[in-house]
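Single chain ahead, by itself, as structure tokens, in the form predicted on its own.
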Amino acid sequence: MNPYYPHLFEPITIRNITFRNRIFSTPNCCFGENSGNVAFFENKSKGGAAVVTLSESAVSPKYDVQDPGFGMSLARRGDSNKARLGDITLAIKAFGAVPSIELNHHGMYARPDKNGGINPIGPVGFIRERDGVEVLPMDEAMIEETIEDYAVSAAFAKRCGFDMVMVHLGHGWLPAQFLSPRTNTRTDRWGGSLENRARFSVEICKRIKERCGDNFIIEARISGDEFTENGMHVKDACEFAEIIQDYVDIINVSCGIHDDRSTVGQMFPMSGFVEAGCHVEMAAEIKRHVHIPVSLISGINTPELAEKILAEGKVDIIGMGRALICDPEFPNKARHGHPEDIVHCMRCNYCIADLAFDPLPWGQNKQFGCAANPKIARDLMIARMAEPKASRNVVVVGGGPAGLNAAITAAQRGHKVTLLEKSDALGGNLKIMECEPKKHDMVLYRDYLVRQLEKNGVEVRLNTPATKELIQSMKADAVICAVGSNIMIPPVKGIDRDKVLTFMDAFYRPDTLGKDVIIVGGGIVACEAALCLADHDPERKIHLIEMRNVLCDPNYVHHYNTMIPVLDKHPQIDYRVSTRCIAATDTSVTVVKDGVEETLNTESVVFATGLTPNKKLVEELRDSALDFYPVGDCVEATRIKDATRTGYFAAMNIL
């Protein structure tokens, strides 16, 4: 019995396989250098997960051939794909985990432009509103062909070395399209009653068992609740689980549907809006209706929460996706009693936001990675980098995410590192999150970084503004400049730029703001500032003014799809879009929309109009050492993901 997390590390035997613990790595895929690279999956097995699952594998060579860069398509059953997948399964097994792969069919959401122009298929025929594509209704021959596609793909997976498959019956994909009354209005034996609507899923799993044998494990992923009108809900999911349980070995409980973006925030529980483990009771209710193990995926990112859920008997297996992207060594660190060394997943969703949901064409110019761990999916790049020739004297300027990662990495590579931070605390803009309870996971990530500084012997000097003279007196061999960004104040008539209130005041000094507040700006930070102010004072009214035609940023789909519903329903917050601020005082703003000017009176005006790189200080420090590396927001004010990556690789470049 494990002395730290006994339930989490208790083996479980299903069919003829004994899994070494209860941590199953849920379906993941990646782009970039690691698309198809063994290392990404191998590392999860090395890290101690019991199962490593590959993601989004298309099963139909005719109706749903996905872009080659996305997932690991089983619809391509040639020798080259068999060799590629065989290398991955061999590596996973070599380090003790069981390889699995997710079987998927987009059904009515398949894309003809990625599929040789063939129309998508679904339970019923219709014209897709979003693009005018005709969806063909599936007749008996199409249904039989598709069921066979699943079975043949599973058999091919078995030949490639997989010991199990996850059959995706949820998230609005083809089996769920048959299952949900929202999308299935058939009146034949494939529609109507729940038993009829479940028939397609049952026949898929039965055929796989017939083709692959009883000891080939099937994990069925279902949506415990679709969270949409006329969709499947918990009661229906329990009935479906009772029907499907005799044809599968594990039920994996997720939720939501991809085509209703308002449910994606539940599907990938996001820090700040949906708490980790939020779907435990849903899974527990389903577990009460079945006699086979139940697995849960619900943004679980600490061993303590996973242990608690298992100890209470809510589920049998903990599925982890983002937590094991963030730190593949999560299971090993927990098993040996070192949870403080786990790279804490912030549940920010940047890992998946750059894959399927950005505006770029599928599989093109997409960067897979992690906001908290810059090493993920960069194994080949890191392996090519040389080891330091000697220990160098490295000075890191700035204690934000870029500087902290740079300092830790440089110290781990044997350099003597001193970090200079002008304020009295580390964290940079992460410090704001201490004021926002919804961002607790980001605070935990900051705390992880600070612990690693101490563990790796980095000398930290707080309240120490960096100057060229100071750094030269320290005889630095290399300087990593992570001095961050400044708050951007637009050239608006009437404001005193030195005294203007900003989003920093909203987070750090909410008591100084009035009961009626106008926030100029409507990006992610502005929206979060509005929510923070509203939570701080239930009587406060907040008005957002945004010059674009949309709040937040739809490109960051997971932020957008979780934040906008909250803002729309929040009684204290209203907003205007396509509205430009042209003048302001301490208690009013003048705006223009469609050529019409209007002055809005308020008690406090707050600007949340973005950040600008601190390039002036960069240039002041540039000649302080022969090797000088500007990183993070002082180069370009973007995301934590970019800051951690640039800080890490700058430190790796010091030889």
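The first residue of the shown sequence is 1; numbering continues from there. Note that the structure is a prediction, hence the values are computed from the model and not measured.
There is also a form predicted in complex with a small molecule; it is not shown, and the following applies to it.
Margin query: Quick check on E42: any heavy atom within 4.5 Å of the small molecule in the model of the complex?
Written below: The answer is no: E42 has no heavy atom within 4.5 Å of the small molecule.
Notebook entry, point to check: Does L567 reach the small molecule in the model of the complex, with heavy atoms at most 4.5 Å apart?
Noted result: Because no heavy atom of L567 falls inside 4.5 Å of the small molecule in the model of the complex, the answer is no.
Notebook entry, point to check: Does at least one non-hydrogen atom of R446 fall within 4.5 angstroms of the small molecule in the model of the complex?
Noted result: R446: no contact with the small molecule in the model of the complex.
Check: Do H168 and the small molecule come within 4.5 Å of each other in the model of the complex, heavy atoms counted?
Finding: Flag for H168 set to yes.
Next item on the list: Please determine, with the chain shown alone, which of 236-244, 392-400, 522-530, 299-307 has non-hydrogen atoms within 4.5 Å of the small molecule in the model of the complex.
Entry: Within 4.5 Å of the partner lies stretch 299-307.
Notebook entry, point to check: Here the chain is shown alone; which of G321, G172, P328, G427 has a heavy atom within 4.5 Å of the small molecule in the model of the complex?
Noted result: Of the candidates G321, G172, P328, G427, G321 is the one lying within 4.5 Å of the small molecule in the model of the complex.
Notebook entry, point to check: Ok, I518, C351, V483, A154: which has a heavy atom sitting within 4.5 Å of the small molecule in the model of the complex?
Noted result: It is C351.
Next item on the list: Decide yes or no: are K431, P613 and G632 jointly within 4.5 Å of the small molecule in the model of the complex, with each residue judged by its heavy atoms?
Entry: Negative, none of the three is within 4.5 Å.
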